[in-house]
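Read the single chain below, which is given as structure tokens and is the form predicted alone.
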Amino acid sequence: MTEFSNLLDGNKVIPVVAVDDVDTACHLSEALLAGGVSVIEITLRTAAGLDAIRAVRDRFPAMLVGCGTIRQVDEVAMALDAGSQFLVSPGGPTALAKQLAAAPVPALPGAATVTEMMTLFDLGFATQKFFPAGASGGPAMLKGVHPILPEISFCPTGGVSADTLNDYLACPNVICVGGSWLAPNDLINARDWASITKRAEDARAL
């Protein structure tokens, strides 16, 4: 299994987005790259998700493109066929976790409890998504599990914001964070790409 951290290339913040069409995904990617953020997680929360992944991979080779909100086993193959360079799931039920573990690209299944973290580690996941981070104890939870699970690293998402970003990144077991505040729906719908670029710049500065 390829280690996820090897792909990040200095990125500490992963924008998690849902887009309604390919054109929006491309403009959004351009805005993020202009702000110095070269990674994006395009979720399957909309019907345009897979086509958006294909388009961004084709038009923006500098962008690391992942597929998020994978919930079904068959979605793993669909995401890979679209060109996803990493895979993200909100949880890790056994069948899905095994399919993710067999994928040729890094995968981040979600965990919120110590039992879930240990179970996923036994399946080969040394890096996991901590979700929903804010509702599951936040930085305090991550600092609490580090002494007993020092071999596991996390990408917290869900409730992470510009205000809490540094609190998460200060945890010894956090390699990056994910969130929607970099490209919120209101800015995407308004096609305010300049504001998204500014948020990306601010995130890189932090």
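Everything quoted here is computed from the prediction, not taken from an experiment. Start at 1 with the first residue shown and count on from there.
Missing here is the form predicted together with a small molecule; even so, the following discussion is about that form.
Student: To test your reading of this chain, name the stretch in 144-152, 28-36, 53-61, 175-183 whose heavy atoms come within 4.5 Å of the small molecule in the predicted complex.
Tutor: Selected stretch: 175-183.
Student: If we define contact as a non-hydrogen atom of the residue within 4.5 angstroms of the partner, is V19 a contact of the small molecule in the predicted complex?
Tutor: Taking the distances in the predicted complex, the answer for V19 is no, it never comes within 4.5 Å of the small molecule.
Student: Using a 4.5 angstroms cut-off on non-hydrogen atoms, would G137 count as touching the small molecule in the predicted complex?
Tutor: Flag for G137 set to no.
Student: Heavy atoms within 4.5 Å of the small molecule in the predicted complex: does F125 have any?
Tutor: The answer is no: F125 has no heavy atom within 4.5 Å of the small molecule.
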